[in-house]
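Okay, so we've got the same protein chain twice, two forms, each given alone as structure tokens, structure 1 and structure 2.
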Structure 1
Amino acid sequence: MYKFLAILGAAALACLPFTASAQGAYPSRPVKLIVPFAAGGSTDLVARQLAQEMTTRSGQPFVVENKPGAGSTIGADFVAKAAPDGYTLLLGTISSHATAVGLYPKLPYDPLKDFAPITEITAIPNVIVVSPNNPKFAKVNNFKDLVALAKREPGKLSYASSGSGSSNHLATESLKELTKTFMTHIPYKGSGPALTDVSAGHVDLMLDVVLTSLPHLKAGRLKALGITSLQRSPLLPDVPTVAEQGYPGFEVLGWYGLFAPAGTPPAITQKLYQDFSAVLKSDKIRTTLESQGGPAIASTPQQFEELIKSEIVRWKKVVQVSGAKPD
């Protein structure tokens, strides 16, 4: 009889869509980590590093899947509408949760209501880069020189971005507005393919985070004209900030964070926060991220949500003032 009851109990448990014991076992199958940009860009690299550590830690594969397009909003929308069961997560960024929100009047998702923010991962300054082999830049060695060139040749320079609405797009629009210059926007599906084209001289310039710019700079495929942090980066001590080149206070950090769809059970979001913050605080990931230009942050979900709210306000204003449009 007891045995019969035990079997019945087990059968009932198996039928429940979500039980305390099932939560305890999370993750019990592979977890998809959606990257809303192309492979080879900063978001992709951050995601792959963390996915590898989470796979080791949890014993279940964390599998990165790239869903690029429309400045990261296609991938973010996919996660916003995914089952809130902890098995589809977003490596979201300043783009999916702030800059694109300002640019697209009819975004298919709500960056706050449709997601459970878990933690901010890192925040990395951007470097303004051009190809050293591009003859246009033979005498351009810093941001002031670039502004002077753009003023001499209005509309002749092109810049690449990770897509319409990406932080790379709107940060450059913000610089255009600040310097009263005009450059043509060429959107890509991520900074990976965009930087390749800039280093080949197909597009004139780009602003992208240290993580992805640095290997090209070290290899001599790109040259840096300025950095968008308030202080110089210890990784690029000779590159002056945009702020010190005549635009005090100018700062744009590309930030990255983990999101689950809204409605994910709190036991799962808490477990994700614990695991990801442990990974971020590990020596291995901390030193890796620092060598790529940003600190390992591991903020709480509440702190992360505050950042997102303030960044949405900031970038809506940038769109209004610059008149930026989706390209």
Structure 2
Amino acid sequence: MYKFLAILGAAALACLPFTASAQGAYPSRPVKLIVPFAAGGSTDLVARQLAQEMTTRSGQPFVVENKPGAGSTIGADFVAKAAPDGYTLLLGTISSHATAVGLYPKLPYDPLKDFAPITEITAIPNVIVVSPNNPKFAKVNNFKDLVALAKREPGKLSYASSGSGSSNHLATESLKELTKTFMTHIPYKGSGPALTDVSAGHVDLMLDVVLTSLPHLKAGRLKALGITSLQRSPLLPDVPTVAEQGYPGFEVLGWYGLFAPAGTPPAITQKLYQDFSAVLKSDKIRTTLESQGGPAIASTPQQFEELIKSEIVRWKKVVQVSGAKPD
């Protein structure tokens, strides 16, 4: 009996190095990082820089694959149905994991049940912009002035978005509900043409991420009236927040983060969290994210999951109240 137990114990000890080795070997082959948007956008840019840093850190290629379409849900669905082995990851966004729940009655995946959240990467505010040459805004210099104008002329102001059901469309609807104003929605195929028409005065205003509005603001083609973060943006320190201008607590951020398919082994998700967290805290990536208008966050998986839960509740209500439909 004692001899048998000794043999059993020796066998168990012999397995320990193998188990640790198996866990420590991840990744042992290339890892796909799925971006649910077309190449060239801000999400894609960040994904490629993160992939480059993770390749250096892990010694295995992290390869970005773009799978755009249906408001980012095609790429998210691809990852939800991928093997839960840590070799297919998603750079998910507020679109794929929060607003989509209200917008798509038959979403092909469950944002909570079908994914293992790893970490929130960043969260970027919107800036409210108008044309300085639009005569309607000759005496409008901040968000409070805009609200007053919208209330004086209900329905006469128009706002652009990068598409029906897009995050900036719903952000504007959230502001409309908050301020009890009515403005007409003009959807575009992307923020580029929308900003062009706002700067030309064809549409009155837009909520847009700081990154794409910044060149227009610096060139004087647009004027900023407010920003949707709780703190002012370091890129636009002179632009007051909406919260400062009579609406305390109001915040809308376009966040994105890293996900693995549900069922991915905890040892792998923990390693991914540790590695991506270290990369996000590096000077190179932190500077890159700050240049786009957002901080490097590197939240824990639990913190990220709680954010997603609260955002699903919030944006489902906005969709219901506004009647927003996806393109």
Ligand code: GLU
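All figures in this text were calculated on a predicted structure; none of them were measured in a lab. Just so we're on the same page, rigid core means the largest C-alpha set that superposes within 1.5 Å between forms. Numbers follow structure 1, counted from its first residue as 1.
Structures 1 and 2, same chain in two forms; the form predicted alone is found in structure 2.
The rigid segments shift between structure 1 and structure 2, and of the options Val252, Leu214, Gly86, Tyr109 the one at their hinge is Val252. Put simply, the small part of the chain turns as a rigid block by 25° against the big part between structure 1 and structure 2, using C-alpha fits.
CA movement of Thr241 between structure 1 and structure 2 equals 5.0 Å, with the two forms superposed on the rigid core.
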